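A lone chain, given as structure tokens: the form predicted alone.
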């Protein structure tokens, strides 16, 4: 199973990169190199795109929707058969606790299961038109789709982007994040075992400024899917514009959870904490802001304080509340925000702990709760990508909405209230791609369209909306006479 280490996948074969160079893969739990990945080049990307084009012009382009679905569902079963190995690999590579990594494996399998079942169920329409005409629409693949995914959720994002693209008959070139590429490579091997035709999925590992840049600028790419930072998303969109290529962008977030005085606080508490610290806060949809109605502010802050004081960070293998951050660079970035908050006199209400036996080379930070945060402070406005939860109060619905919508992002929002009318009012007025009422995340929900507004991006992943995005609508008008 390890014939893929240090290799790239092109035309169904594991090959050395054109550069013959490799990049170290570092375990964020201890700072020690445990594997190496190929340093892909523009030439490798060019070969991968050509391979994908050949697949579309060859066997893959002739594969029926039903058969595509069977292959995707076979892949789903293979993922579950290798659940333990993938779980350990994802935990070690990303640094997330084992139970969170296992959730990601199951979610990845579920994506391919869902999309496999949907493959022959995306239909065109007939349109009433003039007498003597029959007009219909067809949904066809873009062609070659490019996928650049980040390091924080490799398995889940492979499932939701590659799965959607293949369902509609596209062929893919994948560039995983250089910090965590191991499970992407293993999924590539499982693709081979599932029996997909060569070239349907090509994987080029390497640096973003080399392999990633070559992919977004390649004229053979017909659609780009990018998940990552807002800054890089802008570069991707600019590059795609040169070739008039459509783009799906899932970018950053600064998501709020709004808690009204009538909410079930005991139920809400675990959601408020877990949505902020999951994957050590390195989640685009992390609910990193909690807005609390004034009558219950002190009570709920006390409950949050007690929870945060109990949180522990440590190696991924220990399966604690938090693992490490992905890299020393990410740790330094987060610590700058925390230092600014401290120097500005913000109220650090509670901190978790780092276990005593955590390796000194790991990128550990203590989960942190900050209360009474000014709405315009940097820790309330910027995506920190760490286990930091900011808390502020509000007086009424209007102020809650002003605070919730008062950042440059708009990915996810949560609302906690028993008032049914208020639930609908808030849902309609919140500027975000998803709104969860009395829950947050809905258990992952591969069926639920996901994406943002404002600087959180555009386009939708998950569910049937993703399939519409990974296809082109063609209108056919036939004049046959009356």
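Positions refer to the first chain, counted from 1. This one's a predicted model, so the numbers in the text were calculated from it and none came from an experiment.
Below, we refer to the form predicted in complex with nicotinamide-adenine-dinucleotide (NAD), which is not included among the displayed structures.
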Interface residue in the predicted bound form among 91, 155, 149, 292, criterion: non-hydrogen atom within 4.5 angstroms of nicotinamide-adenine-dinucleotide (NAD): 149
Answer key, nicotinamide-adenine-dinucleotide (NAD) contact in the predicted bound form at 4.5 Å (heavy atoms) among 188, 410, 228, 362: the residue is 228
Even though the partner isn't displayed, in the predicted bound form is residue 385 close enough to nicotinamide-adenine-dinucleotide (NAD), meaning a heavy atom within 4.5 Å? yes
With a 4.5 Å heavy atom cut-off, would you call residue 314 a contact of nicotinamide-adenine-dinucleotide (NAD) in the predicted bound form? no
Heavy atom to heavy atom, is residue 357 within 4.5 Å of nicotinamide-adenine-dinucleotide (NAD) in the predicted bound form? no
With the partner left out of view, is residue 250 within 4.5 angstroms of nicotinamide-adenine-dinucleotide (NAD) in the predicted bound form by any non-hydrogen atom? yes
Of 337-345, 80-88, 394-402, 232-240, the segment with heavy atoms within 4.5 Å of nicotinamide-adenine-dinucleotide (NAD) in the predicted bound form is residues 232-240
Suppose contact means a heavy atom within 4.5 Å; in the predicted bound form, does that hold for all of 176, 213 and 284 with nicotinamide-adenine-dinucleotide (NAD)? yes
Can you list, in sequence order, the residues from 447-466 that come within 4.5 Å of nicotinamide-adenine-dinucleotide (NAD) in the predicted bound form, counting heavy atoms only? 450
